[in-house]
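This document opens with one chain alone, in structure tokens, the form predicted on its own.
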Amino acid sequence: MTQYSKRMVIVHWLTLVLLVVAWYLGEELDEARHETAATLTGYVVHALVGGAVLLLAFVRLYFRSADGTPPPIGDTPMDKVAKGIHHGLYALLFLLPITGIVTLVSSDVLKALQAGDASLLPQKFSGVFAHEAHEILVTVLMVLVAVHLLGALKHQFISKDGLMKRMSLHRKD
């Protein structure tokens, strides 16, 4: 096996798209919250996208188990760092939605949603540990994604070892 399965590739790129959408929605919610313009719909859509990321994380693990993965390119210290980055990304695919769910149920957001009243939405999440953790994890995710992207670009343009083809829908003959 030299490439990931098609379904693993699709889940990989779909997860990226959903993470970008969740991040954008989260940023918009944060800004709207400070201006008392946050909406119940905004929270629901952000939560649904986060839930989809969590679901895809489970699907991804299942596909990895069922389909297998290509062997590592090497066994250098940098390859070990890359493996750690991947483990960190997997952990974040679970931790971010979970901290989001805990934020939802441990803050006034749940009360607002249950009442259908956006005026009950919190302007601040002070004292809500899960929200603080969620924001920190978003920053960690952005750093790990940047390192992941830099590693992929290094393989594509410096090492020229074809590593990026493994996560492509174009199949070798």
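Numbers for residues come from their place in the sequence shown, where the first is 1. Model, not experiment: these values are computed from the prediction.
Keep in mind that the form predicted in complex with protoporphyrin IX containing FE (HEM) is not shown, yet the notes after this line are about it.
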In the model of the complex, residue 163 touching protoporphyrin IX containing FE (HEM) (heavy atom, 4.5 Å): yes
Partner contact for residue 80 in the model of the complex: protoporphyrin IX containing FE (HEM), 4.5 angstroms, heavy atom: no
4.5 Å heavy atom contact, residue 112 and protoporphyrin IX containing FE (HEM) in the model of the complex: no
Contact test in the model of the complex: residue 133 vs protoporphyrin IX containing FE (HEM), heavy atoms, 4.5 Å: no
Residues from 21-38 in contact with protoporphyrin IX containing FE (HEM) (non-hydrogen atom within 4.5 Å) in the model of the complex: 22, 23, 26, 27, 29, 30, 33
